[in-house]
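What follows is a single chain, given as structure tokens, in the form predicted alone.
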Amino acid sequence: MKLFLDIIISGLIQGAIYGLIAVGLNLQYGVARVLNVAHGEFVMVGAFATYIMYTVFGINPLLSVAFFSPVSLIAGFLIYKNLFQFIRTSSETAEMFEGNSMLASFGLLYVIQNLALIWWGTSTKAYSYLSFSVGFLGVAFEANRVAALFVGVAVMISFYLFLRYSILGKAIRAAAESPVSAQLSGIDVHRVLGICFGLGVMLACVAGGLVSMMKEITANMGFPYLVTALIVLVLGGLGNIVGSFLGGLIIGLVTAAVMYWQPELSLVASYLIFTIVLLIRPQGIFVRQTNGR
């Protein structure tokens, strides 16, 4: 029973992080149609921002996450407005836009990664925060991991309520359903898509801040998170926000279980699930929904 609880809680903790990252990517690709391969680099930026604010300025990591969330949202919005919106307006077809935007995001990936290597180098960084253990049904977990789980779930619930009930959330859902119809209804589609991209950057940075509380971080840490987010995106369904978060939890649980059995096969298990879903249900386990459910 202790081993079972350990696997479940560990899987949920990791799955919450994967879910946040995948939801951000789903907003960028499922709604704004930008396959942002630099998405993992924003996880790295969030991790290093939290690290610096704690080790240099002594700011609580959880407060740091709350502080740079709006900053990262604005930064993502400006990136979209100055890069991807220009590509969108200059592309003759939607397919051409998707291809050109993906190539541009590759350039963005290398710019962010190389700036990080210049500023922070190649060495690993880490700090100690909430490193004491808390017990649950006889199983001990580090408090920082439990805090990351609760924050991740709270952020996702808040984000769901925002999409479901706010005016802007309804505009995002309308743009996801049909950008042309949304524009004919008076919605500023370019602004909404820019906000979607910014929200994706914000969720990636929040996830990075939570990761920095639990693990060592490096300037090259972003790519594995991008790959996992793509797997979760396929698993949960393109455009399905809740499906992405649930898909992240599934991958987290599977990874945690395989880690106890054969650690080197954890990534193989994720790819195996990815392949099976593509073959059996390519639209994802959860049916695509654009109404925020």
Partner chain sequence: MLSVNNINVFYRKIQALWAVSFDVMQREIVVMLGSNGAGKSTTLNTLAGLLHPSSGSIRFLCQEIQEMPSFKIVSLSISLVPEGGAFFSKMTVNENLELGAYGRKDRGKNIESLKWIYEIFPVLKLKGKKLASTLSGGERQMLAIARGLMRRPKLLMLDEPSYGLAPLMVSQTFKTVKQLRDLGTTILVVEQNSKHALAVGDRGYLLENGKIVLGDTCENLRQNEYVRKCYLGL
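Residue numbers count along the first chain shown, from 1. In this text the structure is predicted, and so the values were computed from the model without any measurement.
This protein has a second form, the form predicted together with its partner chain, left out of what is shown; the following refers to that one.
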Answer range among 115 to 123, 208 to 216, 100 to 108, 162 to 170 for contact with its partner chain, defined in the predicted complex as heavy atoms within 4.5 Å: 162 to 170
In the predicted complex, Gly138 touching its partner chain (heavy atom, 4.5 Å): no
Distance check, Met221 to its partner chain in the predicted complex, heavy atom within 4.5 Å: no
Residue contact check: Thr89 to its partner chain in the predicted complex, 4.5 Å heavy atom: no
Contact test in the predicted complex: Ala143 vs its partner chain, heavy atoms, 4.5 Å: no
Selected contact from Leu83, Ala75, Val151, Ala174, since only one has a non-hydrogen atom within 4.5 angstroms of its partner chain in the predicted complex: Ala174
Any residue of 169 to 189 that, in the predicted complex, places a heavy atom within 4.5 Å of its partner chain: Lys170, Ala171, Arg173, Ala174, Glu177, Ser178, Val180, Ser181, Ala182, Gln183, Leu184, Ser185, Gly186, Ile187, Asp188
